[in-house]
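Just the one chain here, laid out as structure tokens, in the form predicted on its own.
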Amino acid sequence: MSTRLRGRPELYTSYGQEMSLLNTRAKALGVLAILAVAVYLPMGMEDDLLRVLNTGLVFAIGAIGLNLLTGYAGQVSLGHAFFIGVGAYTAAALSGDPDGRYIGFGITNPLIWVPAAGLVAAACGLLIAPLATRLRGLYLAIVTLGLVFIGQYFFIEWRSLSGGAQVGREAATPILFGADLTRAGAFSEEQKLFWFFLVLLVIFAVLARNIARSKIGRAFAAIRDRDIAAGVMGVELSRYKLIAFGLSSFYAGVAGSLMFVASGTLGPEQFGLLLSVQFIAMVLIGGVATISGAIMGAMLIAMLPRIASELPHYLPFLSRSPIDSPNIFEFELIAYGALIVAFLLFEPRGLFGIWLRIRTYWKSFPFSY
């Protein structure tokens, strides 16, 4: 017997069902259907579109990590790009040629360098967290913003690791069970990477969802809603803020290790403020404190450059050249800010909120008013 009242979404009489991973049959069937479509999707799609989706899948892992920190724990961070850079260079160093110009250990198995990149980024997050946990709000945002500029300086100057500005180095090479995922075979490079990224996204999304519904997740929510009251009730603020920074940094490191696998190269200039703004946009546009919202926001931001590239066909005054103005690159920058403002004003719950409205409407149809 179902303990959810029919036609009333998110209204339960059983705490156990409310906290379960897939608490309704419709939700379970919906998730299975989405995964089935996603697995089959690469078979009928062109590689250039798959490349956009691959970027979205990797972005989603990083966005989930930022959502754990900012959405669930309420700790505003503008330093996500720094931890992504740490993960990217850790993976590149582990996978790199030991006899090459840059630091390399020749470990090409992603089952080693992906978690290693996350752990190194998490270690950096835990080192910084004791300072950050003493602050909140705007002050915390400014401190984490400083990480981006400090990180870029070290990435540029540490040439044996990064290759220096405007030069860069090769990204990590994923060779899984003897198969190079960046080389075409029975399946194209983009198809193999899509399935690889999809599996990782599912794993990390389920892990984050379990964290959110655990004791740690409830502590995060208490700190976010009223940290003073949470402390009075016995929640160890410093401990759980430390955990939030560590988890967020781990996810960022994993995303960074994968972000440049398809392109094959990375450079210090790619881990600037714009990347942090993009991840903030993913969280705000997708939906704060929702795992599915973070995934939807990441997919939208990943598709934005592709959408912008098509605009000159419909808006002739836009130029494709970065020298001429106005151009599609300027439009892309404006779009990030415009989308954030629009969603904050008209739909603060983001794309997840829009989906919730649609779902609620059809669940209560024809009495939707």
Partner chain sequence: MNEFLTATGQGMGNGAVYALLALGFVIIYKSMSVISFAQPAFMMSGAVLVSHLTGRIGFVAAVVVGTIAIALVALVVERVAIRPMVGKAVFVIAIITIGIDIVVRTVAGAFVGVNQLLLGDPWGLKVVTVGGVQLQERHIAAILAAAVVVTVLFLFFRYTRIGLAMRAASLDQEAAMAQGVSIGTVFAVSWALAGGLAALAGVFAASGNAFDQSLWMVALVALPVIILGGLDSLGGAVLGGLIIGIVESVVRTYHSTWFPFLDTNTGGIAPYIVMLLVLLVRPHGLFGTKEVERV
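Numbering follows the first chain given and starts at 1. Given the structure is predicted, the values throughout are model-derived calculations rather than measurements.
Here the subject shifts to the form predicted in complex with its partner chain, a form of this protein not shown in this document.
> Here the chain is shown alone; which of 119, 216, 143, 235 has a heavy atom within 4.5 Å of its partner chain in the predicted bound form?
Selected residue: 143.
> Only one of 284, 200, 129, 275 has a non-hydrogen atom within 4.5 angstroms of its partner chain in the predicted bound form; which is it?
The option sitting close enough to the partner is 284.
> Can you say which of 169-177, 253-261, 291-299, 76-84 gets within 4.5 Å of its partner chain in the predicted bound form, counting heavy atoms only?
It is the stretch 76-84.
> If we define contact as a non-hydrogen atom of the residue within 4.5 angstroms of the partner, is residue 340 a contact of its partner chain in the predicted bound form?
Yes.
> Verify the contact flag for residue 157: yes if a non-hydrogen atom of it lies within 4.5 Å of a non-hydrogen atom of its partner chain in the predicted bound form, no if not.
Judged by the heavy-atom cut-off of 4.5 Å, residue 157 is in contact with its partner chain in the predicted bound form.
> Heavy atoms within 4.5 Å of its partner chain in the predicted bound form: does residue 186 have any?
Residue 186: no contact with its partner chain in the predicted bound form.
> Is residue 135 close enough to its partner chain in the predicted bound form to count, meaning some heavy atom within 4.5 Å?
Heavy-atom contact with its partner chain at 4.5 Å: present for residue 135.
> What are the residues of 221-241, in order along the chain, with a heavy atom within 4.5 Å of its partner chain in the predicted bound form?
Residues within 4.5 Å: 226, 228.
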